[in-house]
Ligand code: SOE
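Only one chain is included here, represented as structure tokens and corresponding to the form predicted alone.
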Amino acid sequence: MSKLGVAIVGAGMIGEVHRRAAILAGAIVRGVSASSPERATQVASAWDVARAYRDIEEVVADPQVQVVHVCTPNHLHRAMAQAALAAGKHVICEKPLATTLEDAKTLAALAASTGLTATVPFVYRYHPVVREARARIAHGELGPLRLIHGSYLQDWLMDPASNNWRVDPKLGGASRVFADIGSHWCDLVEWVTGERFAEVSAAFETVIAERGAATSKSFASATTDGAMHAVSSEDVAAAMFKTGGGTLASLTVSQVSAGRRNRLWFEIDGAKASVAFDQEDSERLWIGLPDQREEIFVRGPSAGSPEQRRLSVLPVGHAQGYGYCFEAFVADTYRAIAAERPEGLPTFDDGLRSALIVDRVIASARTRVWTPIS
């Protein structure tokens, strides 16, 4: 089969991650589109790719492009993904799929009607020990679930001088911290446990009322121009869920927790055993057992479930991480384009599910009442 031609739309940090993963998966990056034609020209030169596209229309008109990677700020996702699908291109669209539930419904329906491959990078599914946790739960090793709990904590916005387009609801959406990182936790926990959240009680807080007026790149150092402006999006959030099976789940999310760079953590407690995962220590899965016993399962290609072994591409003791997850996700997307059926590939339907949860969490945070997730 000839190599896939791909276009990267958006040239920030995550666009570079997509570019690398696409190349490692065997695709040819035909060109890049950025925030301006001038920026696209600069990035095309730096990446040594043939084309600097002016806009999404020029991207989808390129007959050498079969896959469009949408890596832009959130408010642009719906229009760009829709244009690519309408032009017959497969799509990888960064999360959130859209900034509103209705737009996410539109995109998921369009993807289904076209039959094209359309995926969303919920890449934490691709940690090998996460696959191990899912397999053990599916095989009944934990027994009936009794409690799900965890957090997703970062610190890159704890300085009031720090700002980013994500902070602006017009660009990032009505929710910031929950939609940005809480959505990852929810997708991961629903997928690992096989249980779906049925209702939620949530609370949001904006703990930094003003931020520096100048924006910076994601996860970059604070700007120093001195001007400040008011903030309306949340810095921290808490949510309690109840699953359709009756299991309680609690989640805390923050982008202002000092020392927590990117700590996605969950623990799932069953009647027979518990499992816990920490993304900042992603080589190991903690397994709690009765009678004061515990085990540590270490990622590796020679033990555990088939999916754990498939995704463990390096020997034990050679750490894998986020980059490997992203590369495996993109490779699985390309496999799906080739009519294979890789396990656990997150699609636009999963993006729609995430948009529904975020929408209901926002509603609960505004009303402070238990809210169904229908």
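One rule holds for the numbers: they count along the sequence shown, beginning at 1. Only a predicted model underlies this, so the values are computations on that prediction, with no experimental measurement involved.
The form predicted in complex with the named molecule exists for this protein as well; it is not shown, and the discussion that follows is about that form.
**Q** Pick the stretch from 175-183, 80-88, 104-112, 131-139 whose residues have a heavy atom within 4.5 Å of the named molecule in the predicted bound form.
**A** Result for this chain: 175-183.
**Q** Considering non-hydrogen atoms and a 4.5 Å limit, which listed residue (H75, R166, H149, K242) is close to the named molecule in the predicted bound form?
**A** The residue in contact is R166.
**Q** Of the residues Q255, T99, T119, T193, which one places a heavy atom within 4.5 Å of the named molecule in the predicted bound form?
**A** Filtering the options by heavy-atom distance leaves Q255.
**Q** In the predicted bound form, do W47, H69 and Y324 all put a heavy atom within 4.5 Å of the named molecule?
**A** No, the candidate spot makes no contact with the named molecule.
**Q** Quick one: is M13 in contact with the named molecule in the predicted bound form, heavy atoms, 4.5 Å cut-off?
**A** Answer yes; at least one heavy atom of M13 falls within 4.5 Å of the named molecule in the predicted bound form.
**Q** Given that the named molecule is not shown alongside this chain, does H127 nevertheless sit within 4.5 Å of it in the predicted bound form, heavy atom to heavy atom?
**A** No - in the predicted bound form, heavy atoms of H127 and the named molecule never come within 4.5 Å of each other.
**Q** With the partner left out here, check for me: in the predicted bound form, does some heavy atom of Q154 sit within 4.5 Å of the named molecule?
**A** Contact check for Q154: yes, within 4.5 Å of the named molecule in the predicted bound form.
**Q** Even though the named molecule is not shown here, does S250 get within 4.5 Å of it in the predicted bound form, heavy atoms only?
**A** No, S250 stays farther than 4.5 Å from the named molecule in the predicted bound form.
**Q** Can you list, in sequence order, the residues from 91-123 that come within 4.5 Å of the named molecule in the predicted bound form, counting heavy atoms only?
**A** Contacting residue: only K95.
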